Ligand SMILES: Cc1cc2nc3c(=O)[nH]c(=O)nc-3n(C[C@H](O)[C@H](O)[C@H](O)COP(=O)(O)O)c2cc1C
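Here's a solo chain for you in structure tokens, the form predicted on its own.
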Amino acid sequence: MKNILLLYFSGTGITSHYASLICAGFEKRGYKCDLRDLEELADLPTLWQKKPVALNYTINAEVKRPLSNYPWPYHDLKRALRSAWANPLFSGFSRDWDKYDLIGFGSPVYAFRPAPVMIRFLLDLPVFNRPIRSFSFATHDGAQGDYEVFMKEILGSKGFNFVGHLDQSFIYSASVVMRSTFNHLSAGRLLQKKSRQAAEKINLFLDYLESLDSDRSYIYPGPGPLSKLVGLPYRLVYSYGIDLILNHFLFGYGINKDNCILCMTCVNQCPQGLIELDDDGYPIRLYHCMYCLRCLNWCPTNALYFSPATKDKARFSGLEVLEESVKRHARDYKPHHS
């Protein structure tokens, strides 16, 4: 194991941060690690819109609370898996990735699955003739369900030899948009604590990887039957809970035109390319998305909101702001000497 590739999608920057920690862990042990953001590697909005795979909560929202008279023709996950095909634009990956001994695929967790744009990317990959070792990594707000099982299956279908999974919760960023305020200093300290925990888990995972022999027929066992059985009722309760929260507190799209400066940030940064301009030049979204929250969080004037529960509320301003808040507090704090 010499050359490592980490590919990730990040909605708010947390998964990007996690990928950097994993990459740093490999490099400390002398491995060469290449870090690639999927949005730099592929045109994700165009890729996704050709066959727009969506998770159930998005499809349910289109049925229960359509944003327009023309619902987007989403493919549910089962249909998307059945219609998977190798995208000729990605055929070069078979050659380009042949130099890697291990490839990691990372995403935030959306209802126990990767981001739909990540799913679309994985489905469009060619089948690799050489069983390159692979693993998955994920960030979440406390639960990932059978995410690992799904990644094992989808990567296995592309010829990868799945050898493990990493996950970590950092900041509860999804709930920030429903809060009145957001304490940057407190969140920054939590980020530091969680990053240290993540580094420890990464080191243990690297110990495990280094313990593997060179036998390419190694089969990663994954969660056992008991773990799956215990997790089933939890998954059902959590899934209904997520659907309830999204439908009543998040789904929708609104804009305060007095605050909008027509900067196009939301249009340009939507990973699914679902935000466009109305006749007056203001951003509008006519379809339900995966709700990565990037448009809300990146709007420089807080002009956007989803449901009324998110109007004029706090926003997750990025990890850099949290880190700077901690540094500034350290600079400003002067202990009193007796």
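None of these values were measured; they are calculated from a predicted model. For every residue, the number given is its place in the sequence shown, counted from 1.
Keep in mind that the form predicted together with the named molecule is missing from the display, and what follows is about it.
Contact between residue 167 and the named molecule in the predicted bound form is not found at the 4.5 Å heavy atom cutoff.
By the criterion of a heavy atom within 4.5 Å, residue 110 is counted among the residues contacting the named molecule in the predicted bound form.
The closest heavy atom approach of residue 22 to the named molecule in the predicted bound form falls outside 4.5 Å.
In the predicted bound form, residue 318 stays away from the named molecule, with no heavy atom inside 4.5 Å. Only one of 152, 140, 120, 133 lies close to the named molecule in the predicted bound form, with a heavy atom inside 4.5 Å, and it is 140.
The stretch in contact with the named molecule in the predicted bound form, judged by heavy atoms within 4.5 Å, is 140-148, chosen from 82-90, 140-148, 158-166, 178-186. Taking the named molecule as positioned in the predicted bound form, the residues of 166-190 that bring a heavy atom within 4.5 Å of it are, in sequence order, 173, 174.
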